[in-house]
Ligand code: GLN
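The form predicted alone is given below as one chain in structure tokens.
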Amino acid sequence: MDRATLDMVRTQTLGYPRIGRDRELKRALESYWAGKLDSAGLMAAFHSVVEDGWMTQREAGIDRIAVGGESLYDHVLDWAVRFGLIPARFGALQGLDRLFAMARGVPGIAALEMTKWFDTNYHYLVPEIGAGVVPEADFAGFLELVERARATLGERAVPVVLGPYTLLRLAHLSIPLGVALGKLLPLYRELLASLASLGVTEVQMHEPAFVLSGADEARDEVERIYAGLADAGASLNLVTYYDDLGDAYPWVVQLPVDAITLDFTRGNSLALVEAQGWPTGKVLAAGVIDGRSVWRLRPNEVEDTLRRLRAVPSLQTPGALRLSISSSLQFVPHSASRETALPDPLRGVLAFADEKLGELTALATGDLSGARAAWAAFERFAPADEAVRARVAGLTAGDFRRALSYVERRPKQVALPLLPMTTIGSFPQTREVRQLRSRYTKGEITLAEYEAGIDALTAYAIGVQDGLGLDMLVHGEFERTDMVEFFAQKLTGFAFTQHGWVQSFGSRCVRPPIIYADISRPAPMTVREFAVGQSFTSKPVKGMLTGPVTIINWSYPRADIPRQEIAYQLGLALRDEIADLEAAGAKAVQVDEPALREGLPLKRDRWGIYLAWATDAFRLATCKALPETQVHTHMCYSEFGEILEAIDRLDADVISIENARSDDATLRDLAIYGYPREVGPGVYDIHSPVVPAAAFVEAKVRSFLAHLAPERIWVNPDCGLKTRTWAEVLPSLRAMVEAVAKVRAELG
């Protein structure tokens, strides 16, 4: 593009990190829940974080700034509340009490189900929409937020609205989609009219569900809805992301909207535009800056995309093409400039949210010289590890197969009582744990003193489990800040940030590591802590590992190295670790893969390739385990019913699953499938502060017996216990033990 053309290109964002540069909103939420901060203080913290994001985008020179996607907890939950989609069990609650009850639960009232947002590591709350629901508008808070944004940003402020198809596609819907859309249409029209009355001239209508397989099935209903929105008020920018529109492309681009935003960093949007053209008179906002990657743009790739788009006749008109981030920036940290501990060549090719704003404006003016120089320096800094790559290249079919079948190896494994009880791995990360880690990091105590402190915490956790009567124990993972970061710190090829926090759900934040080079394991990673834990008990203690696919999906991998290659490198490192755990006396090893499902491509026709290498990576890690070693895995907060063949193919001896918020759905699916090995469905929700009663757990265990034989059932919480307090954990586990004892007695 020549300079005159570039000067007319507008820029837009689709969202910004929403937890705060120093996790201010996280701390405010947790203080509010603890009764240390009132609602006014919470909202003040929220508005401070929100306005910082607005100002940052304005100062970066962004022309159209997405506003209103910010949230106290979850944006999908927010829209369910704004449209009055409130399950009856929350009807007596109001305001923040209702919002947080729907998110976290309260005694006697279960929270909404929580699951993964498309193929990201963000969790959203699943709306429940039944036959009796009567949507009712409550847009006051959203409109007030938009008014604040307009006061700060003027015409640059563009409200974000979650589109009707996506809201319903992601919900638990017990009425026909067309009926539900018809109920919502008047409220969407009311909302657009209200925004227009504020002077809003453009609204981003976010419809990422259009990229999912099956969108074609709702074409008639969607076309009718958008025809009904065409004259409702402000002009619409229909926003999709995470993949291309696929088969839905021809009719989606003809919907009566003024602009459409497509993701050009994932999927095949460019090929669709080139092959099928673009409607004359409609703006294309091209998402060419990857909102989910921490890496700088590759100038040649982006320039080629824009050159090819400019060759499309209908996009040669001034103003027809707009530059965009591909998605909300909530999936990346705030600023790479704060990461001064990273090597300069690596930091030079990183672009977090603030740097991506700079990339967007630089792209609009055509100056990408800085990116070219940075990539050249990085390539000299991080050469390939040929020994690691040769080890992967030398793998054979035997590396992916256990020596004995499950039926043959199970009698050789540890013998436990009927309905064996265990936990998923972690125990509370208390202030004491955090202070111990902080003192060691700051150099205030020696390694020996730090390890002594960790060992004391481990002894307590083992004593609690042993004393309560659990059957297979865990050491508690007090040495681990995060289930991915811990392993990444002990492997080559990873880099770590100091301030790189991103939101996982609510106030829960994670700091994903960055995979910048080939991966290997220089030394054992978990053997010392396992051995310490095992020394305190005669009961078996599980070795605890995070699986290769989860490590990839919860990190920022290099885009130029195939994920399968990275997964196999990780699988080999974990294989070596399992061998060392066995040598140290481990009778059971748990390799968690909670991210297996979330890594699925959004198009079904791409599932096969992904599931083949993802399950092979797990098998590569575990299949050389001795027949006597019981291999466990854990999965949570995703819908697994559609990938049961892949889960079966993992060939794990025991799988534990999230169950409390999904109403036994995965358990039923496993039973119908005929899953041939052992299952540990969660008996209570660890993401809620509610302590379950023994009767509640007993009822759960009895419901399991309706689906599986008792010798195939394990009993455990939904997930790890690191986010809970000991005051919550101890009575919850007592309730679990009491319930199991009663059921065992009846089973004899």
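Each form is matched to the other, and the largest set of C-alpha atoms that superpose within 1.5 Å is called the rigid core. Heads up: residue numbers just count along the shown sequence, starting at 1. Predicted model, so just to flag it, every value in this text is computed and none were measured.
What comes next is about the form predicted together with the ligand, which is not displayed.
Check your understanding: How about residue 225: is it within 4.5 Å of the ligand in the predicted complex, going by heavy atoms?
Key -> Looking in the predicted complex, residue contacts with the ligand do not include residue 225, since no heavy atom lies within 4.5 Å.
Check your understanding: Does the 4.5 Å heavy atom contact test between residue 207 and the ligand in the predicted complex come out positive?
Key -> No - in the predicted complex, heavy atoms of residue 207 and the ligand never come within 4.5 Å of each other.
Point to revise | residue 477, heavy atom within 4.5 angstroms of the ligand in the predicted complex | key: It does: once the ligand is placed as it appears in the predicted complex, residue 477 has a heavy atom within 4.5 Å of it.
Review point. Taking heavy atoms and a 4.5 Å cut-off, does residue 632 contact the ligand in the predicted complex?
Key: Residue 632 lies outside the contact set for the ligand.
Review point. 574, 203, 636, 596: which sits within 4.5 Å of the ligand in the predicted complex by any heavy atom?
Key: The residue from 574, 203, 636, 596 that makes the contact is 636.
Check your understanding: Since exactly one of 657, 581, 239, 424 fits, which has a heavy atom within 4.5 Å of the ligand in the predicted complex?
Key -> Residue within 4.5 Å of the partner: 424.
Check your understanding: Can we say 483, 544 and 592 each have a non-hydrogen atom within 4.5 Å of the ligand in the predicted complex?
Key -> Yes, all three are in contact.
Point to revise | Options 719-727, 706-714, 39-47, 688-696; stretch whose heavy atom lies within 4.5 Å of the ligand in the predicted complex | key: Looking at the other structure, the answer is 719-727.
Practice item. Let me know which residues along 605-619 have a heavy atom within 4.5 Å of the ligand in the predicted complex, or say none if there are none. Key: Read in sequence order, no residue approaches the ligand (within 4.5 Å, in the predicted complex).
Review point. Any CA movement of 2 Å or more for residue 205 between the shown form and the other one, core superposed?
Key: Superposed on the core, residue 205 moves its C-alpha less than 2 Å between the shown form and the other one.
Practice item. Classify residue 480 as shifted (yes) or not shifted (no) between the shown form and the other one, where shifted means its C-alpha moves by 2 Å or more with the rigid core superposed. Key: Yes, the C-alpha moves 2 Å or more.
Point to revise | Core fit, then residue 546 C-alpha moves 2 Å or more between the shown form and the other one | key: Yes.
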